[in-house]
Every structure is written in C-alpha cells, then in structure tokens.
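The chain below stands alone and is given in structure tokens; this is the form predicted on its own.
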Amino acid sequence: MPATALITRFAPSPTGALHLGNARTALFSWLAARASGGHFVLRVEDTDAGRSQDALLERQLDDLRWLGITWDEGPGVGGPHGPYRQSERGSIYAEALAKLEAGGQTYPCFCSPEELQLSRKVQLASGRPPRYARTCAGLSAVDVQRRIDSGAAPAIRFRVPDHRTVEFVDRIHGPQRFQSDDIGDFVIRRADGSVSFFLGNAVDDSAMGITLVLRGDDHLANTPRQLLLLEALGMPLPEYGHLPLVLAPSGTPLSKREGAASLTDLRAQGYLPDAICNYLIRLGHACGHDGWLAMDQLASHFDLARTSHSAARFDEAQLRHWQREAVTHSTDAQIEQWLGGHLDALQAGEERSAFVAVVKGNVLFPAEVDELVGVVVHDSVPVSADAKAQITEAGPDFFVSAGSLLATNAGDFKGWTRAIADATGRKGARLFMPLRSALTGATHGPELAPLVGLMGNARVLGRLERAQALAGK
C-alpha cells in the first residue's frame, strides 16, 4: 500500500441492531480506506457477556455485507491481527494490564456503585466536575490483600498523570486539548475480570495497526484517556476523527419513531442497499457528486475533510429520493428479484418480465406492486372515488363504444383508442382518463397500453361493462 494509505476499522458491539448512525460510521470508515488505497478491518467488541449475542452478531455482519461493505480482515476472513472478537483476546489484555501494573500505573479499587454515586453527587453539588476521588489510590498492599481475602473483588483503575495537557488533532474537529486533572482515574478492568472499553478498544486499535479511528463524537472525551493508556503502554497512537451524531428531524436523538429503524427493518421495508449508501454518503458529508453513484464509485467522491462539524439530521424524504434512484438504476432482472414473492400470481417468464418493465417506474417498495399485480390478474379491481368520477363523467355510451370496438382492434392499443376517439369525439385526457379509470380503478399509474396487453381482452371487456353500469347509475 502507498505511504498515505489508511488502515481503518469498524468495531460493532453485538448487543443490538445496526442503525443508520453506526451504518454511516461503518461506511465512512470503509470509504476512507478504499479512497486512500488502504485496508479496512472489522473487529467485534463483545466483552459485555451479559448483553452480547451471537445471533445479533450474525445479523450485523449480514447487514454489512448486504450494504456492500466488505472487510479485508475480520470474522470469516481472518488476517494477521486476529482473533477479531474481543472475547477471544483475553491474553492480550492481560499482558497490557501486567505491563501497566509493573509500571505503577494502576491500582485496585473496591468502591461500590453506591459510594461512587454519592461522591459524584457531592462533587456536583460543590460545583466541581465529577471525577474519581482516588479513594482507593493510597491503599497499602496489606489493605488490598485483606479486602481480597474477605471476598471483595476489585476493579482496576488507571492512574491518570497529574497536570498533563493531552493534545491531538481530530481529523474532523481540528486541534483538541484536554487537561488530565479533569479526567480522573478510570476503570480499565471491571470487578468481574472483563476489560473496559477504554483498554480493550485502545489496545486493539494499536495492536491491529489501525491508523485512523472514525467514531461518533460522543466518544471525543474518551480519546484523551485512550491516548494516555497507549502512551503508558508504549504502543503506536492512531489518528482519530469524531463524526457528528445523526439526529432526528426534531433535533433530538434518533428514536424508533424518528429515523432509528435498523438496517434489518429497512431491508424488510424494501429499501435497496445502494439507496442507503447514496443517502449516507451525503449525510453530514459534502459528497463530490450530486447524482447517482454506483457502489464502486462512492470512494472516488468521498473526502473526510468535507465532513460537517455539525450534527446531521435524518431526512426520510431524501432517503426515499435515493430509493427512487436505486430502483431506476436497477436492471429489470434485479427488480424482478427484489419484488420476489409479490409476483407469484404472474406466470414466470415473459409475462413476469413484461410486467416488471411496465411497473418499474411506479413502485418504491415491493409491497406497492401488489395492487398493480391485481390490476393484471383479477377480474375486477377496486375503483377509487376519483376514478368513479371520471367514469360517471364519460357516461355509459363511451364504454359501450369502447367495448364494441375492442374485438376488431385486438392487440392494437393505438388502433383501438383511435377508433374510440373517432366514435366518441373524445381526445387526450378526456379519452384516456375514463379508460384508465375503468380498466385499473385509478386515475394514475403505469403506461396503460402494456397493462391492457397483460390483462387480456376478456378481462378488459369485463371491466368496460362494469364501468358502463357504474356510469349509468
């Protein structure tokens, strides 16, 4: 790889579904690697044994593959930095903990959650920022052993150096400065023996050779802690870029009601993966191209420097716009596969292919095709109020003429409608609107001529007779 190539990663926790916010982080990390000719790593952060589930992990990996995001290292692929599940990297963390302990940079902490909460309240009440009060920092080895012998299980805290300024340049937000005195000693191993996010995440990023960590800016305050840890361990420091969060249209955090549907939910609704990617590359990022981009074109129009410093807001109308573009840019064969079981009432082969070609421009989601399938295969269809008004305005004689001229113009839609126009004196919308209303039950929809061909003369004649009856009422 060239010297400027980036090694990025995405590190999901299998405790829930992937939503648009973390899907965007995955996509941006993947694009940053691809745009630089670099390398993309997938790592699973599953140290929370109580919440991590293999079934959730499989769903997350499946959603990423569906989205078109592939990894160069990670589960199912392997690589030189495995294992890629944190639950299998215990010996690596134990070595890091031992090194920190040997350097006097850790100490055991026996404080209960209740004691920590009380200390936090006292500090806040006195106008001080809450940080650990170092209650256990001065315990002697004898005191520590006595507590352990009595059955107490300590957490392990990192001893944050005093009076230090931690500085780094965030790839999105620019120069950052933090005072170590405001951080407080933090837990790097929990009382149950599992490592905390601070340690596992930082050690893995460095050990796996990650050169750029992209994550949400809710992690910005974690970065100085992790830089201090890596410095203490003598490990290489990655660069960091913190992506502004994705908010609901109201400006509040995403919720199930406002934009927080999971990728699995969006797939079930019928969203196409390229639609989601075209939307996400423009969500808080000034994409270098306004039009449709195929998946293999995204990286050439991605530039991390054009990422907004402000939170992005979910816009369903924009997502639907890109869904329309995705449908338009799909082949008929891809559309037929996407519609799947919704086409079961049609004969496989020419009929199904012809139907797809007709309706492709009129559906955003597979379920929307059901009504159009009914127009083709059912003897009768529901008639909307607008369609009934068109039928009534045309009058019964119009449909008598249309029916009588059908047999002599079988298979010739243009000839048939020209003959109807000659017989009734109706042209343009006054001709086609009542015809469409009678034959489809609606005043809008796909091109009428091929639909009529798919219906067959018997079905068309039956609907004209029903329209005649409706018009005469």
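Each residue number is its position in the shown sequence, starting from 1. As the structure is a prediction and not an experimental result, all values here were calculated from the model.
Just so it is clear, the following notes concern the form predicted in complex with the RNA, a form of the same protein that is not shown.
Looking at 418-426, 431-439, 59-67, 31-39, the stretch with residues near the RNA in the predicted complex, meaning non-hydrogen atoms within 4.5 angstroms, turns out to be 431-439. Of the heavy atoms in R147, none are within 4.5 Å of the RNA in the predicted complex. G349 falls outside the set of residues with a heavy atom inside 4.5 Å of the RNA in the predicted complex. The RNA is not shown here, but in the predicted complex it comes within 4.5 Å of a heavy atom of T443. Although the partner is absent here, H285 lies within 4.5 Å of the RNA in the predicted complex, judged by heavy atoms. Although the partner is absent from the chain shown here, F178, P253 and R324 each have a heavy atom within 4.5 Å of the RNA in the predicted complex. Note on the partner interface in the predicted complex: the residue among Y271, F197, Y84, Y240 having a heavy atom within 4.5 angstroms of the RNA is F197. For the options A232, V373, A155, L139, the residue carrying a heavy atom within 4.5 angstroms of the RNA in the predicted complex is A155. Along 181-205, a non-hydrogen atom within 4.5 Å of the RNA in the predicted complex is carried by D182, V187, R190, A191, S196, F197, F198, in order along the sequence.
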